[in-house]
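Heads up, the chain below is alone and in the form predicted on its own; it's given as structure tokens.
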């Protein structure tokens, strides 16, 4: 048992990872050489505004690491921008690789475990022009990129995530049309993309295992708690297989599974629904406000894969920071309950460090525990960041916040 102290006080295991996360394209700015930049600027794009300078983190990355350290967190998950590192096929930028290596080393110097993601939604323009993840060369190209980057960053990588949410890359790109290449309801191309992403993950794992150093390697997957109602069982099973399980099965031999959860989905005889109760509390993203989903998804991921779990993303978009504190508190209680039930959960990563570019929704969403001025790029930690940092430093979650 990990609970100690009063009945309202929950203690997490020793060595638990407490972190926050970002993605290169969402914070760096000026990533002009990838498929997302082209998608943002295409005629008829569904993207409400371009990423532009984002949070200027390509230049302010050290400020970001200082914030992580100041808040009291012991891990930071960030991604490498493939198109910066390999701007043309087989042409690698030593300048870009050196910058990312410096980030890894500086994180270590600040007592922060660098959790490096090798693909977070963006693909170089040169590969997109050849078919992106539908191309037969994509898995090998990604494996080669991973090998080159991992060799340069060296053994100070703390943990490696191969591909961020491959299910979302495929679903948004070929079913919902909200990600590049912006195709809607083409399930054949969706299946092909899923197969190629799975192959890319395996190539990346091989490359990372052959690189210098020894660190845990895994995949991160978008998962929702799936709730079945009478008549919706078949639709739930279909969704679970095509969107989640085909990727979970591809993690055999990995060191961990990264779980990324924001809500729950309902399945009825009318199909998929984001909420059943018409009065359900909703977030600005259109999600049901249900923090407890993360405990359920972590438990299911562990059961399906047999792997240790890292919650590599969890959070809420809200302009009301007290609501974020409530969300994090309730989410952590569900994680703790799962640990008490025997689920091997080794860390919790809050999305996101910064208020940043939220893909097709531009800058309209606020996931950050740090506010970013859109003109000056000044960073200002929010009370939710202070709250989360206090839990991280102590490893103890106290009584629920007043009003939650």
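All values reported here derive from a predicted model rather than from experimental measurement. Residue numbers count along the first chain shown, from 1.
There is another form of the same protein, the form predicted in complex with a small molecule; it is not shown, and what comes next is about it.
- Heavy atoms of residue 26 reach within 4.5 Å of the small molecule in the predicted bound form, making it an interface residue.
- Contact check for residue 121: a heavy atom falls within 4.5 Å of the small molecule in the predicted bound form.
- In the predicted bound form, none of the heavy atoms of residue 174 sits within 4.5 Å of a heavy atom of the small molecule.
- Among heavy atoms of residue 64, none comes within 4.5 Å of the small molecule in the predicted bound form.
- The listed set 280, 192, 285, 274 contains one residue whose heavy atoms approach the small molecule in the predicted bound form to within 4.5 Å, identified as 285.
- Among 76, 247, 142, 262, the residue placing a heavy atom within 4.5 Å of the small molecule in the predicted bound form is 262.
- The candidate stretches are 321 to 329, 292 to 300, 78 to 86, 160 to 168, and the one lying within 4.5 Å of the small molecule in the predicted bound form by heavy atoms is 160 to 168.
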